[in-house]
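Take a look at this single chain in structure tokens; it is the form predicted alone.
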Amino acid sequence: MTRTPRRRAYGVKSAPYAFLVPATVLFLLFFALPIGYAVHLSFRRTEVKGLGLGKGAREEIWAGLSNYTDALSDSELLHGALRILGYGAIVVPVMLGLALLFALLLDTDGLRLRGFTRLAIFLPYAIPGVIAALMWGFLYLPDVSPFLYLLDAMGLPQPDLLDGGPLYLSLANIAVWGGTGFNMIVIYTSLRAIPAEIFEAARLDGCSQLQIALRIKIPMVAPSLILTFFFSIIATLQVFSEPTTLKPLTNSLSTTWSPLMNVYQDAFVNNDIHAAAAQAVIIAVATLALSFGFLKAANSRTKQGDSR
């Protein structure tokens, strides 16, 4: 039995939707559903009756916005957000600056061992964050660090890298070491997509390598810089593994050092899943607002540049 043209056309049109079904199901199960459940929990609280023992002693009731007001008035969450701002002020510019520099150097004509160098810079990104934090944590400890041993052998003072101001630099170093390679690959890929004729025309006009980089390459990879900055903001606001892993090595890191550590403390230590859900929703909304604001500002600036 042959298929009619109408049935054949319907099958062709419905094929893309069939391919979307697996991704849609995974999105709903592992992304949309957990977000919806977290929002649901954020409006609830547990009411304890009597000593909290026996059946029916604990009941989940409607809490309204009380969890959100408690979270916004939580000094630990606010202090954690301020610490993350200081941490991000170090990580984001240094990481993106190094990524751009490495990408420009790799795009230089006549560079030897280009493939090996690119792999060496990218390789730290492939190491899990917990493993990287453990490795750097032991390098920071005075008793086992070879760097501090060399400073001591030369009679130089040994800084405490896990206390005070150096602690921010130590944490930022882990993030920069692990994230520079990924951002470098994004920028480098964008550089390789620029037509070679543009560079040849610039050389004929007498431009040096530095002038080509500043006046041609960097402006043309601006969308990639915006993308990497966007990813870096999200990663900075969600920092958790590095301070949590270094926590046993120093007393300077509290259990609520970052906002996500505060969420973990409320959810799994204080056993207040509803307060933790409210804090998680606030962090997600703040991340979305910052990301959307940055993208909107970047797009408006790009449109202004195009209009000129």
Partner chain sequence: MSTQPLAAPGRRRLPLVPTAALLLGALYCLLPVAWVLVASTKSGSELFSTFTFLPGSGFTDNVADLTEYRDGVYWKWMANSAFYAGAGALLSTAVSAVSGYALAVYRFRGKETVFNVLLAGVLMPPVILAVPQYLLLAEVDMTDSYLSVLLPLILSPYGVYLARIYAAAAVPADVIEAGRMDGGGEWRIFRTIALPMMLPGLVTVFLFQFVAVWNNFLLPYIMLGDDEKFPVTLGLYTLLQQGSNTPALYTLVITGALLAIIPLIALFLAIQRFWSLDLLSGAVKS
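As the structure is a prediction and not an experimental result, all values here were calculated from the model. We call the rigid core the largest set of C-alpha positions that still match within 1.5 Å between the two forms. Positions refer to the first chain, counted from 1.
Form predicted together with its partner chain: not shown, discussed below.
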Flag V48 as yes or no: does it have a non-hydrogen atom within 4.5 angstroms of any non-hydrogen atom of its partner chain in the predicted bound form? no
Using a 4.5 angstroms cut-off on non-hydrogen atoms, would T117 count as touching its partner chain in the predicted bound form? yes
I'd like to know whether P124 contacts its partner chain in the predicted bound form, with contact meaning heavy atoms within 4.5 angstroms. yes
Give a yes/no on whether N173 approaches its partner chain to within 4.5 Å in the predicted bound form, heavy atoms considered. yes
Between the options A213, I185, L96, L167, which residue brings a heavy atom to within 4.5 Å of its partner chain in the predicted bound form? I185
Can you pick the stretch from 135 to 143, 155 to 163, 85 to 93, 72 to 80 whose heavy atoms fall within 4.5 Å of its partner chain in the predicted bound form? 135 to 143
Relative to its partner chain in the predicted bound form, which residues of 225 to 241 have a heavy atom no more than 4.5 Å away? F230, F231, I234, Q238, F240, S241
On a core-based superposition, does A196 travel 2 Å or more at its Cα between this form and the one not shown? no
For L20, state whether the C-alpha moves by 2 Å or more between this form and the one not shown after rigid core superposition. yes
C-alpha of L210 moved at least 2 Å between this form and the one not shown on rigid core: no
